[in-house]
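Next up: a single chain in structure tokens, the form predicted on its own.
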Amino acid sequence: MPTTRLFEVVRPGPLTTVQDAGRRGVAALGVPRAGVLDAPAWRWANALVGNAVDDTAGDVTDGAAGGRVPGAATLEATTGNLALRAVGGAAWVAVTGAPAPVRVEGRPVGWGAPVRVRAGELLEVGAVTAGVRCYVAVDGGFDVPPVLGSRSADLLAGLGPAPLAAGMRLPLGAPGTLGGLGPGSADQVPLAAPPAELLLRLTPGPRRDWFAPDSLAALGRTRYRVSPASNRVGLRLADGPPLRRRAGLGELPSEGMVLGAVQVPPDGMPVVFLADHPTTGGYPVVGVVPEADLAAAAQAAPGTPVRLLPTARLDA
């Protein structure tokens, strides 16, 4: 019987989680999607090690959800700084997303390229040099048990595997089982650099009439900054004029929330909902950021300037 391949966590980094494309079709249960924040970086990392990159592809059937697990699970490492030791066999590894130095047994190796890590060797991903999150993919994916159709860690709902901790052992899937073309087969298309200024399109939302017309009119000209309080739940904006509500409206009952919704709490500072966002909320939504723009939001470091660019008049 072949030895089980796994990686043992030597250094977990500040926040490293297992993520795939997330939980689809369970919002009615109050469960967020979760999943990777920077989908293009996740797809490229998986392609580099020969895993399937279709968001809906998977290698096992989860009986609880009745569907396929979406894509191969990777590690999402906030600011990098993790170290893993290969146990039980060799693996192909690729690191993408936020640029960071990568070493195997102390030797510098390529970022954004497939690298062979043999049994007993230590893989180290250093601190990111730009951006926020890097992605570590292995051939066969990280084979942690799926929950409700996904292997993703959901930090809001507490579902899926816990964030990495020293001594944790992460099993790997069998090589060649995820439908890819083999390590190194991905087209070498560079990812977008982490943004120096984050520009987010804003589709008018269902509760824009809750805000003062002059405040709405100024929104497209306002420059905010990414708050250090941002996390996988939401990109919190700071250092800009608050969006003022109309007088006398009170509070909303809770209503459904979608990925990219821009919710405005009583302090008037917008929050862009990301993968671990709640499925309901009671603060008004001024607009929605398209999913295609959210990968850049995942790589916007604290202090990055942010502008919300309405795609139509908000006060119409």
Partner chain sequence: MSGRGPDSLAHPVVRPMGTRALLAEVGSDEQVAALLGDLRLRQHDGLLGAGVELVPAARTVLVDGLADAAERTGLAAWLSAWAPHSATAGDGPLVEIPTVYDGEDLGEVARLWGVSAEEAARRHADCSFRVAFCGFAPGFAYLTGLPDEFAVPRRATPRTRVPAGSVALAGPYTGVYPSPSPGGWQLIGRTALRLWDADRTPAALLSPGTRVRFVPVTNGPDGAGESK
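Just so it is clear, the structure is predicted and the values come from calculations on it, not from any experiment. Residue numbers count along the first chain shown, from 1.
Another form exists, predicted together with its partner chain; not displayed. Remarks below refer to it.
Only one of 80-88, 126-134, 199-207, 218-226 lies within 4.5 Å of its partner chain in the predicted complex by heavy atoms, and it is 199-207. Contact annotation for the candidate site: Val31, Met257 and Val288 all lie close to its partner chain in the predicted complex (heavy atom within 4.5 Å). Not displayed here, its partner chain is approached by Pro253 to within 4.5 Å at the level of heavy atoms in the predicted complex.
Remark: Arg116 does not count among the residues lining its partner chain in the predicted complex, judged by a heavy atom distance of 4.5 Å or less.
Mapping the unseen interface onto this chain, Ala39 falls outside it, with no heavy atom inside 4.5 Å of its partner chain in the predicted complex. A residue is said to contact a partner when one of its heavy atoms sits within 4.5 Å of a partner heavy atom; Met269 fails this definition for its partner chain in the predicted complex, lying far away. With the partner omitted from this view, the residue of Leu164, Ala157, Ala238, Leu172 that lies near its partner chain in the predicted complex is Ala157 [heavy atom within 4.5 Å]. Scanning 235-251 for heavy atoms within 4.5 Å of its partner chain in the predicted complex gives Arg246, Leu249 in sequence order.
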